[in-house]
Structures are given as C-alpha cells and as structure tokens.
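For reference, the chain that follows is the form predicted on its own, supplied as structure tokens.
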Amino acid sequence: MTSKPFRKWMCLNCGYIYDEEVGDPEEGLVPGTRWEDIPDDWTCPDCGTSKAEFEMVEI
C-alpha cells in the first residue's frame, strides 16, 4: 500500500504556505502532519486567517 503524497495549502489572505511534509514545528505541527489532522480552530501563523480560508495548491 502506498501512502498518498503530501500536499500544500495556501492562505488566500497573505500567501502563507502550509506544507504537510514540512509541518510547522514553531506552531506545534510536526513534519508529516496532514491538513485534516490540524484542528479546525487553527489560524494562519502569519496573518491569523482561519483554516477555512486556505486552499490546496499544487506547486
């Protein structure tokens, strides 16, 4: 069984990119943390935008 590829999510407000493979250790998100595993009340560390305002982007 192969694991699904890591994705990247972009804040539509400021352009911050959340990369599932890298995570965001400063925000308590270890590398490999999938988007669906981030709490719904999480906000963008750069501008405070809610998780709902992010979109998955292919880079």
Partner chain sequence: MAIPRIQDLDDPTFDPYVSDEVMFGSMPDMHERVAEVRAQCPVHKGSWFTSMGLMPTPEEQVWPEVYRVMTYDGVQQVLNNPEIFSNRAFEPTLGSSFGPHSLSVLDNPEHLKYRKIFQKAFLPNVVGRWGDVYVQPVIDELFGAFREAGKADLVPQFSQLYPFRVIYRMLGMPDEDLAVFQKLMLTQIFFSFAPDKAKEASEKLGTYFTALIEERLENPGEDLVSALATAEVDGERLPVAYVVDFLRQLFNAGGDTTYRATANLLVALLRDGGELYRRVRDDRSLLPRAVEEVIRWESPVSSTNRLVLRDTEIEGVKIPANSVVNASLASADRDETKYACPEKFDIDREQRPKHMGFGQGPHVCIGQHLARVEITRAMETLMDEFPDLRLDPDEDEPVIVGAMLRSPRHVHVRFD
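Residue numbers count along the first chain shown, from 1. Fair warning: this is a prediction, and the values are worked out from it, not measured in the lab.
Absent from the display: the form predicted together with the partner chain. The rest refers to it.
**Student:** Would you classify Pro39 as touching the partner chain in the model of the complex, given a 4.5 Å non-hydrogen atom cut-off?
**Tutor:** Close contact is absent here: in the model of the complex, Pro39 is far from the partner chain, nothing within 4.5 Å, heavy atoms only.
**Student:** Hey, in the model of the complex, is Tyr16 touching the partner chain, heavy atoms inside 4.5 Å?
**Tutor:** Yes - in the model of the complex, heavy atoms of Tyr16 and the partner chain come within 4.5 Å of each other.
**Student:** Using the partner position in the model of the complex, report whether Glu21 sits within 4.5 Å of the partner chain, counting heavy atoms only.
**Tutor:** Glu21 lies outside the contact set for the partner chain.
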